[in-house]
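Starting off, we have a lone chain in the form predicted alone, written out as structure tokens.
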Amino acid sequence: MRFFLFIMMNMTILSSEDFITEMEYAKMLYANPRGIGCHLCHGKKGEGRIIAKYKSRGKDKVLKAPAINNLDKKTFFKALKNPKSIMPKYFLTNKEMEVLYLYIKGTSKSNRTRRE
């Protein structure tokens, strides 16, 4: 009887639709989409950040990644599909881009709410 109960409990767990939520998946994807995490250049909440400071021909230069938490969906998808400058190409699926977009918008909103 115990064995039967054990099997039934495990089947219930295994038959659940998802092991993690979309937002948990998006957070993991943002941290490591395909090798280099988005947060390293764009910040924890997509606010943008300085990647490096350097000198070129005697002048101080700053390499800064732009904020992505203020982009509309079309621009966000376009930037991921056709990266410019030093942005790597991640070869993300449409579903992955969608959850990343929702994650960025969600973290940006929650951050704004806390400050107000």
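Throughout, we count residues from 1 along the sequence that is shown. Nothing here was measured: the structure is a model prediction, and the numbers come from that model.
One more form of this protein should be noted, the form predicted together with a small molecule, which is absent from this view; the next part is about it.
- Contact check for K55: every heavy atom lies farther than 4.5 Å from the small molecule in the predicted bound form.
- Contact between A26 and the small molecule in the predicted bound form is not found at the 4.5 Å heavy atom cutoff.
- Using a 4.5 Å cutoff between non-hydrogen atoms, K44 does not count as a contact of the small molecule in the predicted bound form.
- A residue is said to contact a partner when one of its heavy atoms sits within 4.5 Å of a partner heavy atom; V99 fails this definition for the small molecule in the predicted bound form, lying far away.
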